[in-house]
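The form predicted alone is given below as one chain in structure tokens.
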Amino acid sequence: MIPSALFFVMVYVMSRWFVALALLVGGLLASPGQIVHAAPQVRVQQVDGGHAVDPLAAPAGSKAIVFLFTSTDCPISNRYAPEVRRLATTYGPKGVVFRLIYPNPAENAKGIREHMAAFAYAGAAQAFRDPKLDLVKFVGATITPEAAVVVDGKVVYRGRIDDRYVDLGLERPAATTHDLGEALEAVVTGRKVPHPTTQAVGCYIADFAR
């Protein structure tokens, strides 16, 4: 017979071995460099009517969803409107869906519609409200403007649109790295996203809840 002390040691060692094996298998199943999240129960609101919808649902044949977190009065977000429209024009026909997400609970439907019209977003992206910050928490967004690219329910890129803004009040004459564009090009051509996370610069989403 195995002494009781030795028996418990054997059980402990075996349990630790199974945990390590599970972690190894989980790591092998996840693509390198990919930000993996479990399938969530996330809901955002339609701008008109306020109906709750699943933001991760996309038309058949879609390759990715781009969530662009924005605000009507964030100046850096508004400065990026032309670049967002350019990206939507370039990658929309390639199966990428663009969705503007307004996380500020104080922004109402009228203000969002006016913002969409003022920056010519109609036709380039759909707009949704995220007043409970469900989607914000799921993708880990903290800034407006910040982009999150989701493929098959998993975040493969999160961060800045490009490196035009070094910091608040510090802007380059022109961007030298187009991070979101590079991520989308990788997705539509079946490659791994080269830099899954970058640091966005702009207005803090946490300030909206104060």
Partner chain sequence: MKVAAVALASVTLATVVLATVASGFSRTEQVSSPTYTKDIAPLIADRCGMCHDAGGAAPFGLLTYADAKRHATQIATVTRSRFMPPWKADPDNGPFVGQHPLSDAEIDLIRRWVDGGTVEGDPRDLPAPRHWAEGWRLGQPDLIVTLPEAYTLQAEGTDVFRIFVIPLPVTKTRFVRGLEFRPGNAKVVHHANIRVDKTAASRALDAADPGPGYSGLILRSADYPEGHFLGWTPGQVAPLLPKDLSWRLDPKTDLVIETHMQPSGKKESVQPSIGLYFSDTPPTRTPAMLRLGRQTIDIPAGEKQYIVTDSYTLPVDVEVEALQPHAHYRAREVQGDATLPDGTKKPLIHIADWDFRWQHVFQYETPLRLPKGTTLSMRWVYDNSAANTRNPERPPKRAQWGQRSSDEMGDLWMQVLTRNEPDLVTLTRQFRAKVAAEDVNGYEVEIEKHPNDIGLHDDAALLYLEVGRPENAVAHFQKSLALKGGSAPAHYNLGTALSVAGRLDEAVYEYRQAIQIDASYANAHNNLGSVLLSQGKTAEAAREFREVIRLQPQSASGLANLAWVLATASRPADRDATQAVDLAERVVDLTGRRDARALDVLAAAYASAGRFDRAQDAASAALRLLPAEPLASEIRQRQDLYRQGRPYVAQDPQSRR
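Positions refer to the first chain, counted from 1. None of the values given here were measured: they were computed from a predicted structure.
What follows is about the form predicted together with the partner chain, which we do not show.
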Looking at the partner chain in the predicted bound form, do all three of V53, A124 and Y157 come within 4.5 Å of it through at least one heavy atom?
no
Is P173 near the partner chain? Define near as a heavy atom within 4.5 Å, in the predicted bound form.
yes
May I ask you to check whether T89 falls inside a 4.5 Å heavy atom distance of the partner chain in the predicted bound form?
no
Within a 4.5 Å heavy atom cut-off, is R79 in contact with the partner chain in the predicted bound form?
yes
Is G169 close to the partner chain in the predicted bound form, meaning a heavy atom pair under 4.5 Å apart or at it?
yes
Sequence-ordered residues of 110 to 142 touching the partner chain in the predicted bound form, heavy atom within 4.5 Å:
A118, F119
